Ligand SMILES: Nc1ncnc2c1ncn2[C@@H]1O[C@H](COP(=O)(O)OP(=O)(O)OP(=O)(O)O)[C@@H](O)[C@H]1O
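Have a look below at one chain only, the form predicted on its own, in structure tokens format.
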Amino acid sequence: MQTVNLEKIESYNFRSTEAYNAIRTNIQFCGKDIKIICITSSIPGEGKTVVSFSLATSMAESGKKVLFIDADLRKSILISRLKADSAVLGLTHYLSGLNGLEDVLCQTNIENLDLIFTGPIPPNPSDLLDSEMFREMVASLKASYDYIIIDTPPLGAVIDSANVAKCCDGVVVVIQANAISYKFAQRIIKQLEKGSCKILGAILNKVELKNNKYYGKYYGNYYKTYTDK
């Protein structure tokens, strides 16, 4: 197993920290059989990667053993955002048969959190994520972790997320406030449902609470969690 030191993506204010704690709690209430969670969005730029990694960190800080898999094989931003202190092997190295699973697993300086980076961009990302090798990898890792969080590409652009979701226990969709239409969001949900994916819920992201009296007054009273990142 590799060892990497990471910088946290960003520091949070009290409200954001409580929002991630609420998301974590809501997922735990979904049932003990919900261990592998796919996180996607509709379009690029909705904050999916920040939300998914922050959720994984929140779970790890609560004492859960967590694995974060960066499965955005087309345009990952994670390794640059985390400023990993060493070059690392990643998911595509394993799925291409170049390296073993132990070679691509990373132990991080965040207690209880392990990570698998993407590796180099492959010519066939959808095929790799829809492969039996990927499904077997996730199934084998499930016994070693309390939760596995898998960050995937936006479903409105490519099919990769739906392929990944087929081997997950549930899916969470990150939606940026005022960025997409209701119909478009519904189309994304229906696409996931076609693959018999269990939809755990949605996270409304990038809400301007300062200028929104409704969200400011009632923040925290809903199942969905609103953040002001």
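Everything numeric in this text was worked out from a predicted model, so none of it was measured. In case it trips you up, residue 1 is the first one in the sequence shown, and so on.
Below: the form predicted together with this ligand, not depicted.
Colleague: Consider the chain as shown here, without its partner, and state which of Arg74, Lys142, His93, Arg81 has a heavy atom within 4.5 Å of this ligand in the model of the complex.
Modeller: After the contact test, the surviving option is Arg81.
Colleague: Counting non-hydrogen atoms within 4.5 angstroms of this ligand in the model of the complex, say which of Ser58, Thr49, Gln191, Asn26 makes the cut.
Modeller: Exactly one residue meets the criterion: Thr49.
Colleague: Are any of the heavy atoms in Pro44 no more than 4.5 Å from a heavy atom of this ligand in the model of the complex?
Modeller: Contact with this ligand, yes.
Colleague: Just to confirm, Pro125 within 4.5 Å of this ligand in the model of the complex by heavy atoms?
Modeller: Because no heavy atom of Pro125 falls inside 4.5 Å of this ligand in the model of the complex, the answer is no.
Colleague: Pro154: heavy atom within 4.5 Å of this ligand in the model of the complex?
Modeller: The answer is yes: Pro154 has a heavy atom within 4.5 Å of this ligand.
Colleague: To test your reading of this chain, name the stretch in 199-207, 165-173, 61-69, 183-191 whose heavy atoms come within 4.5 Å of this ligand in the model of the complex.
Modeller: This holds for exactly one stretch, 199-207.
Colleague: Output the sequence-ordered list of residues from 91-109 with at least one heavy atom within 4.5 Å of this ligand in the model of the complex.
Modeller: Nothing in the stretch sits within 4.5 Å of the partner.
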